[in-house]
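Presented below, as structure tokens, is a lone chain in the form predicted on its own.
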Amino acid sequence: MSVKQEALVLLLAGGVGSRLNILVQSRAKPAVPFAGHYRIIDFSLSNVMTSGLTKIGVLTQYKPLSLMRHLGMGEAWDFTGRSRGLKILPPHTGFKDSDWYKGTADAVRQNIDFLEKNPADEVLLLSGDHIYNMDFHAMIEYHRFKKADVTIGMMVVPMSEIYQFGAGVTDDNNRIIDWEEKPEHPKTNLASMGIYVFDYKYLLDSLYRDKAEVDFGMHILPRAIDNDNVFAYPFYGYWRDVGTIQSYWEANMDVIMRDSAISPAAWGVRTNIEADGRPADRPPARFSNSAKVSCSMISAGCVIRGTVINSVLAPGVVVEEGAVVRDSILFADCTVGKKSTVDLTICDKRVKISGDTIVGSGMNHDFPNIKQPKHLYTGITLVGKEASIPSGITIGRNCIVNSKTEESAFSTGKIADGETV
């Protein structure tokens, strides 16, 4: 009887993630901070770790430096050792943009030498931009039990959201018999989670067969479903694609919700506390006599003298006396001056908001951003990395303040709903 080899893991972390707008101006989407001191990619990496898998290749492309610093050699997730390892796989680029990855299957194909140097019985393909907790060992055992060529992690989503995903129709045995990629008129609400287990040899054959097949959802999977054994692995836990500003904000709010289904600590999610100067290695948070905090996550190094309601504060945030932060996400080392209000806003790192300022003003939540109406349309305002907002400014709903904007850029005292600075 042959002994099964451990599955090889490939984690796709090269996507632009443009719908996250200015949050990905200087970093890849998987490197975007989440829930205080985590990064989005920490959830996929921690799932690999807790599932007992030890060999992983991370495919990078778009603005990878921050992500690569965070990954290091994989020490934070126990991927170092003689029989284990995390390998960063940068794109094999030439001089033209067209040399970059043309799709998910093309990305794996361009790293086929890594696959061939690490033979296994199965390959687990993951995305690095989802928030969830999953036992991949159980999924791989399911794949083996079904004698599948491909197994796809799938879950039921609201019918109104299925247009964002690959959608599969299954029979009574969970075999996928029909497939639609991001359908306008869906037949089902069973969505692909972007998690695949491939038979190792089947994946290699698929990649060698036709180089015009550059995407798993568009090309590889439909062919496999028509001709071979493809099964759905049903998932019923918490899973969220944080690919939009709205879904990113909602997932952060889920973390602080009472009886929430998401719990990074209980899930055993790890992050790299050594990266970028140990940003979370600070003294405990401090609260003055004037501080009022409810239903919020306050990270180490924060100083709270004002009011924080229903918000997530990363390490080193300062909220001065008389200031109010509500329904917001503040990345590391932001400061909110005295008597300022920050409402339904996401601030990137080191944003400085002077005193007597309002960010997120009024009730016009439905007036979208004029330049990016598909990114900001529910009232959330974005403030980019290291932007400085002077005293006395009022900023409306669905506004964007670009990264490194200086105080001199504010020529008027009011930024209207939907405007960009």
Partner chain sequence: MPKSTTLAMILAGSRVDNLNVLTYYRPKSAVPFGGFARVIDFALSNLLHSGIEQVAILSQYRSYSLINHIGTGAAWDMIGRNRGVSILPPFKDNSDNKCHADWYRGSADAVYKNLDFVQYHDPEQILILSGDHIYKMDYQDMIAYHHKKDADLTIAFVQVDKSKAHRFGIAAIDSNEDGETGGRLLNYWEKPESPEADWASLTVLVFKPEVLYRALQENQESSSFEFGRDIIPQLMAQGRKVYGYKYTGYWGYTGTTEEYWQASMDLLGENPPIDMEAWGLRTNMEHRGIRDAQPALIRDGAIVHNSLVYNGCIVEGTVKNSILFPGVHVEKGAVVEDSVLFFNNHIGADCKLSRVIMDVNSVIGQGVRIGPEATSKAKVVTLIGWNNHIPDNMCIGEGAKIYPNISSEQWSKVKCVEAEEVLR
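Here the structure is a predicted model, which is why all the values come from computation and not from measurement. Numbering follows the first chain given and starts at 1.
One more form of this protein exists, namely the form predicted in complex with its partner chain; it is left out here, but the text below deals with it.
Stretch-level contact analysis of 378-386, 349-357, 55-63, 36-44 against its partner chain in the model of the complex, using heavy atoms and a 4.5 Å limit, identifies 36-44. Only one of 263, 160, 227, 80 comes within 4.5 Å of its partner chain in the model of the complex through a heavy atom, and that residue is 263. Note on contacts: among 256, 218, 207, 318, the single residue with a heavy atom within 4.5 Å of its partner chain in the model of the complex is 256.
Its partner chain in the model of the complex is approached by residue 305, whose closest heavy atom lies within 4.5 angstroms of it. The closest non-hydrogen atom of residue 107 lies beyond 4.5 Å of its partner chain in the model of the complex. Contact between residue 294 and its partner chain in the model of the complex is found at the 4.5 Å heavy atom cutoff.
Although the partner is absent here, residue 234 sits far enough away that none of its heavy atoms falls within 4.5 Å of its partner chain in the model of the complex. If you take 281-295 and check each residue for a heavy atom within 4.5 Å of its partner chain in the model of the complex, you get 281, 282, 283, 284, 285, 286, 287, 288, 289, 291, 293, 294, 295, in sequence order.
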